[in-house]
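This document opens with one chain alone, in structure tokens, the form predicted alone.
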Amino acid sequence: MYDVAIIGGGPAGLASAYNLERTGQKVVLLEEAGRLGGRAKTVNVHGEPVNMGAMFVYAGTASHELAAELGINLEPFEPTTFGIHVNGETVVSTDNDDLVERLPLTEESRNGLRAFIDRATSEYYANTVNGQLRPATPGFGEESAQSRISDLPQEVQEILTAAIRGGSVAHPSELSATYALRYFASYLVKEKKNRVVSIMGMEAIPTALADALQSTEVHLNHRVETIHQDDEGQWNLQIAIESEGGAGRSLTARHVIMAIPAPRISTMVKLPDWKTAALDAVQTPGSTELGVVVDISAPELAAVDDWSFIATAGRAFDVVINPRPGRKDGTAQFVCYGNSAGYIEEANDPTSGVLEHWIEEFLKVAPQLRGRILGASIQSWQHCFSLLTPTRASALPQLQAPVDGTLHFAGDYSSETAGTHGAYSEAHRVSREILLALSTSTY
């Protein structure tokens, strides 16, 4: 009998175990994969940590506080440029007016893009303080980002759709205008106060959490197949152990935390209609990321060091992001986010050729880097981060509510924001919820 069983060893699951263990709870954490960290995955590319999922720690969030508590080495993300690749050309500039003027677009499109940038810049500064979102103006959170671009010329819409998808995962029609500010417009204005980089990669945070656990039982390769509640209100979990050929095991817990992507929850447990309806409001689409490390030591490549964010209309991916611009050490890394590409199962097969195809797509954006690539890696996720839709926002109270007070839900899908910072925040909320329930329990 456990006090708490946690399903999922990503940021929300590990942070929940970390919080609960310190209060003396008997905790078991079950992860079906052979590694912890979930979508906070960092791989070694030519000796350099490259993030293949979550990219940034957002300043002032639960992830930032937790990283500081765990002693994770952080540095600010300080972009100085914004770029656009369109019609086969890449233009990067420190000045947005200069950028627009140099793009291979019609005069009508340049005027439309310039007007959009002016409006987005004004709205960004009106709704943020030191890089942090203010409470939204009445009605602003219900508007979609699409409302900001639908009247623009088609080629401008394609540029901005790529930029917004790359910065936020969501299509503009699915994303609230509020969060388009945080996840896209902040790049446009080259905000330097809202993102922080983990020097050893985003996986350093869940790794530190796992290393800090002392009494929690952590089991990898344990796939939870079903969960059901017995007559005494306790939860019985049926588990298949992948490393033992699918051998079965069962365990019982007073409380369960579902710290897995929302689309997977209903396959494990029968839920009341209100909870099913709330989960149906969550969209957690797939995504594919390419990470590339390049040699930019040649004097003619010096400007590449300052590339920060490039929207790539018409390419396999949506944007190219350099998480540490201006390093000045002769090397740079770029992560190409293919949120519109979605989940590409064969991308995770090194023999499929997808990696090579995406590298060629990258070289169309940066042809001057041909022959300069030191290493590359690709990762595709079936369920990436949950979209910040107005529909999910309205369902948030039901998403966060436990079933029978003992089946809890924690992840970016149940957070007010999304991503790992949302997941870590939810771990704190659910931990407090469980501790309150256990303190008043009659067990």
Ligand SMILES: Cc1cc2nc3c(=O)[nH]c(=O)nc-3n(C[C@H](O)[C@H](O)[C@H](O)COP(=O)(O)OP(=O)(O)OC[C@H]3O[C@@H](n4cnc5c(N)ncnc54)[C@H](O)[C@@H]3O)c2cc1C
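What you see is a predicted model; the values in this text were computed from it and never measured. Numbering starts at 1 and runs along the sequence shown.
Keep in mind the form predicted in complex with this ligand is missing from the figure; the text below concerns it.
The closest heavy atom approach of residue 385 to this ligand in the model of the complex falls within 4.5 Å.
Within 4.5 Å of some heavy atom of this ligand in the model of the complex lies at least one heavy atom of residue 39. None of the heavy atoms of residue 59 is located within 4.5 Å of this ligand in the model of the complex. This ligand is not drawn, but in the model of the complex it has a heavy atom within 4.5 Å of residue 222. Contact annotation: this ligand lies within 4.5 Å of heavy atoms from the stretch 46 to 54 in the model of the complex, the single such stretch among 64 to 72, 46 to 54, 370 to 378, 399 to 407. Exactly one listed residue, out of 323, 112, 261, 83, brings a non-hydrogen atom to within 4.5 Å of this ligand in the model of the complex: 261.
Taking 179, 334, 362, 337 one by one, only a single residue has any non-hydrogen atom within 4.5 Å of this ligand in the model of the complex, and it is 337. With contact defined as any non-hydrogen atom lying within 4.5 angstroms of this ligand in the model of the complex, the contacting residues in 1 to 19 are 7, 8, 9, 10, 11, 12, 13, given in sequence order.
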